[in-house]
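Both blocks below hold the same protein chain, though in two forms, and each is given as structure tokens: structure 1 and structure 2.
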Structure 1
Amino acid sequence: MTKVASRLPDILKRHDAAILKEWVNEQLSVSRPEAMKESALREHAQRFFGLFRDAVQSGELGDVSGPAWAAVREMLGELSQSCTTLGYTPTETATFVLSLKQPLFTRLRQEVGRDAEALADETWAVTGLLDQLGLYTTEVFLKGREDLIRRQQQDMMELSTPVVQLWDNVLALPLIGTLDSARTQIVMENLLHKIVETGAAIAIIDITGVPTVDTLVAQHLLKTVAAARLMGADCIISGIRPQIAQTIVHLGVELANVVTKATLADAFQIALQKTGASIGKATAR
């Protein structure tokens, strides 16, 4: 787009208070009451409108990625980030900018009403401008969301693979959530390092928290078991639910070389037996 000899800067300068007021009213009428507090909205609107007006004075109406619009972009970035954390919908966030169209169009019609061609040009310029700003807002909003998701994924990855020491030489690895190759890698590394650290002879892999076991998950489990065995530790797989036992057999997964137990308690007992320890109730005798 070329620079347009637009009358928009002039109009904004002369009617800024009136347009701002109409805009805020417009927003208040469309937004749901719990979306944004009126005072906050007013404040945001005032800040944005001030920056917008200054940017428009520069005459760069075609392209909002230029330096003249840096302040506006920054403000919108902050706004959409706070919208992300407050849980607004993308529509609500974009509407903040797009609702400015109506009051501006009204003004334009009043000012250049008689010249239809000029009015169309002006309207087109303003639409293009506000659309770009609206899209920018949505983009930042989505990016905020994506960052949040990525961070949560990483947290989950770190949180969900603990290796706990149950007894001398006995480790437990409670697995929660689906096992994909990336997680298996982390789980395997954690387990093997812990085996070196504690000198454990037995590792119990508890899959109570694994929702489904398909061939891929089973293969990952077997890999972990094989790696632990190479380090000199025996593995017991525990926490196999009835449905999972059925799926494993139906899928034809070979778990014959691995000791499997229904519950962690059973596995622990076997582990104690193998390490030569015993445990019982004090009053049993």
Structure 2
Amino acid sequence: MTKVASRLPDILKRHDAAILKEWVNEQLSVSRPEAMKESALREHAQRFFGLFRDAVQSGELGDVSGPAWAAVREMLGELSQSCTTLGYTPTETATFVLSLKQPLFTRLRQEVGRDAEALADETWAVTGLLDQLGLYTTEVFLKGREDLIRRQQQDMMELSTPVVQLWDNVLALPLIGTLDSARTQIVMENLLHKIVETGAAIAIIDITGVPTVDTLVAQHLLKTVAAARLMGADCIISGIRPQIAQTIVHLGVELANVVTKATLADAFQIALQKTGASIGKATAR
């Protein structure tokens, strides 16, 4: 463990109340009340400061990854995750820690200001310590935001791949946007679950909203068709535009065993024929 000879532990022990008060006032001057209430900010600040003061007493000021700083890291991790959902920026999140520099520097000047060398050493130690903690909050915040974005993307993909029942034994899966591997997995899972749930015999996969079809997209479609067949449902692919047909032929993708149609209406008509159903026009009386 990296132990640093510093007067900081003694200063925090003797002036903790004053430093905490100055630090909270510093935060209140730059915080956004609409993002976090003052009572919540004070509670977080008091909790962090108590953990910070206890960790400093260990003398391990050179490395915050040690066991002495475990409770501080845990608290900052929880706070950073919370800031992710509250709409804070990485800078605002790190400022929670970095704003403690001002009251600590002020107290250091009062305690050791006459000794320039000692003041420089103490300032450097405090700067390094709080910078490490500030960077830690930023790393946790960014990871939390990435996880949040990933979950939102997952939700959006699930919402953008609805499976609807058009008729008895007939399902439709309209696809809009790019069809990549991750989305294909969701498409396949949603379709298979719906087939099991409804016992449908026909599934129409409509790619009218898919901007381009390349070899990878075609392979994804064929995998979905194959999975549906294993569950006992035949697939019809609709939305085959002229340019898509040319692309599929040019790529040499084999769709001979799959029924394809230009429009969803045409595919629906084929599906009705396959299921023995029909729709007729009402006769006028």
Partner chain sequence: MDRIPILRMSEFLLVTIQVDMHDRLAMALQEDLTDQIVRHRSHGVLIDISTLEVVDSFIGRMIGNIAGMSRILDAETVVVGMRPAVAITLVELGLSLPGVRTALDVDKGMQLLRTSLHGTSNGAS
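Only the largest set of C-alpha atoms that superpose within 1.5 Å between the two forms is called the rigid core. Since we're looking at a predicted model, the values are computed, not measured. For numbering, take structure 1's sequence and count from 1.
Q: The same chain appears twice here, once per structure, so which copy is the form predicted alone?
A: Answer is structure 2, the other one does not fit.
Q: For S65, is the CA shift between structures 1 and 2 at least 2 Å following rigid-core superposition?
A: S65 C-alpha, core-superposed: shift of less than 2 Å.
Q: Comparing between structures 1 and 2 on the rigid core, is the C-alpha shift at L179 2 Å or larger?
A: Superposed on the core, L179 moves its C-alpha 2 Å or more between structures 1 and 2.
Q: On a core-based superposition, does Q269 travel 2 Å or more at its Cα between structures 1 and 2?
A: It does, since the Q269 C-alpha is displaced 2 Å or more between structures 1 and 2 after the core fit.
Q: For G209, tell me the Cα shift between structures 1 and 2 once the rigid core is superposed, in Å to one decimal.
A: Between its two positions, the C-alpha of G209 lies 3.1 Å apart after core fitting.
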